[in-house]
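Here we start with a single chain on its own, the form predicted on its own, put down as structure tokens.
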């Protein structure tokens, strides 16, 4: 399973684990993979706390940070970065805020205590808000990779990260997007098929991966979207990828900090229980289908706003759902891929890494036997 990227990053296995939980990042990196902390949703101060903790618990291993600078977002290049949040708040219609509040009220989700509302908050989702997160990440020596979840990062961002000796990666959902990454000089392209969780395109992984590998050669490609077994890792490497980028797998591990009720909801779900919806972030994002996603598809629902405005509407739902998980399950934000149907029990993150490696080796052995027939 060892690839050139493993040598470049100093890791044992080319298994990249995207997660919003610092415990999972540390556990995967200690187990020989490469944990990546999703920074969106963290203030710079909070992110510094998370990365300081990872530094202390990663046993000297490398890890990465994932930011969100969309290729396009509302007000991009037009609004004053100094007052960006205030200007964006003024662009959110009251009708959308009231609709979201009504959905939550109809489901009996309690309000947050006074002063803790997450409504109209802007955490990530723009270049201006990602810049301080990058500054924090670059102050941590064990951070060896910074990935952008949406679009090609701006040229100055790429230069800053690469100038610090780190690698820069970005996700894509088409060969066209992959070529833009390649032309911008990115070190790694992450090809994410439509069955993946979070923001994706609509092309399936098995079709997308070899197209992207060919489009950006010799730039290394990580295969993402629906990867949940070692057999799939073997398939990805056979198509020319140098590793896999996984996310949904880590939502239900022992170290993940999701509420127990939310973990159970994911464990009970099948691969047909997901939907691509703009109802939380404003861009197509694969998640569990529920009453919230249905509500925004109803005839009386307002059209979801463009990114980042829609999250300024839905952020209150996210915060209240985490606080009152048992009562908010029907409206909870659960970004997850179709691989959710393979999540059946809670395991330690290190055991998941080991399982993937063993399954990969078994798949390679089967292919070797076939080659000798």
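Everything numeric here is computed off the predicted structure, so don't read it as measured data. Numbering follows the first chain given and starts at 1.
What comes next is about the form predicted together with a small molecule, which does not appear here.
Using a 4.5 Å heavy atom cut-off, which stretch among 46-54, 62-70, 304-312, 27-35 contacts the small molecule in the predicted complex? One stretch meets the cut-off, namely 62-70.
Quick one: from 173, 153, 247, 282, grab the residue that has a heavy atom within 4.5 Å of the small molecule in the predicted complex.
For this set of options, the contacting one is 247.
Original post:
Among 143, 103, 136, 251, which has any heavy atom within 4.5 Å of the small molecule in the predicted complex?
Top reply: Contact check passes for 251.
Residue 319 versus the small molecule, in the predicted complex: is there a non-hydrogen atom within 4.5 Å? Although the small molecule is absent here, residue 319 would stay clear of it in the predicted complex, with no heavy atoms inside 4.5 Å.
Worksheet entry | Proximity of residue 331 to the small molecule in the predicted complex, heavy atoms at 4.5 Å | No.
Q) Taking heavy atoms and a 4.5 Å cut-off, does residue 40 contact the small molecule in the predicted complex? A) Residue-level check for residue 40: yes, a contact with the small molecule.
> Wondering, does residue 230 line up within 4.5 Å of the small molecule in the predicted complex on heavy atoms?
Replying inline: It does not: once the small molecule is placed as it appears in the predicted complex, residue 230 has no heavy atom within 4.5 Å of it.
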